[in-house]
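Take a look at this single chain, the form predicted alone, given in structure tokens.
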């Protein structure tokens, strides 16, 4: 069982890295990708938790914006965690999250919604990368909405009047940085239309030219037609096809291991890193 896209409480998940690794072991996961948003803060604890047959593919989910303002998430896996320019890019992306959150809260307060930055901070675990899920949790805690899923289908959707973008690399810049750091780049849920605007099929050639290695095809937010189209694109561009849960722990429907990557596709992906960085016991 290979799940290459999960989150811990170092970004917007609810499990600690140790809890996530233990849960994956209990479920029989053989390769686990830990990809917190714009951070590698959970790597060390995850490494210390490895035992048995599980292997870790450590990485990060990088928040990107196209030149025309479409939000894109790029999974960087198996890159050098000490790569200076990569860590600088992640830090700069994290720094843009605070002013963005303040603007979203201001918009909600102007609309009469009882929410504050203090409420958001109270919902964010210590040291976690600030993100919309923490605003969603704050809204749940205040009784404004019932769940994170409800928030992202409405108030926090990319097309919502409350949505605010933040400074971020373009997808091409992110791919190039991941490859420069020795890792592999997989675009996450690129046709997830419920999240807002999505890429067009023509965008993938530019990403492939920049060094893209794979497409996350099997994901809860893709319907059958979208998956079929992405498989065609991956085949045409010789990209690995991955599947993943995008697990966040409590508050989201995604279950660990609910979508998986085939072993041959994982082997294809891993072979394109500049060296073997999978973590084993």
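Residue numbers count along the first chain shown, from 1. Every value quoted in this text rests on a predicted model; they were computed, and no experiment measured them.
If you look for the form predicted together with a small molecule, you will not find it shown, but the lines that follow are about it.
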I'd like to know whether residue 107 contacts the small molecule in the predicted bound form, with contact meaning heavy atoms within 4.5 angstroms.
no
Is there a heavy atom of residue 37 lying 4.5 Å or less from a heavy atom of the small molecule in the predicted bound form?
yes
Taking the small molecule as it sits in the predicted bound form, is residue 131 in contact with it (heavy atom to heavy atom, 4.5 Å or less)?
yes
Residue contact check: residue 73 to the small molecule in the predicted bound form, 4.5 Å heavy atom:
yes
Can you tell me which of 116 to 124, 93 to 101, 176 to 184, 205 to 213 lies within 4.5 Å of the small molecule in the predicted bound form, counting heavy atoms only?
93 to 101
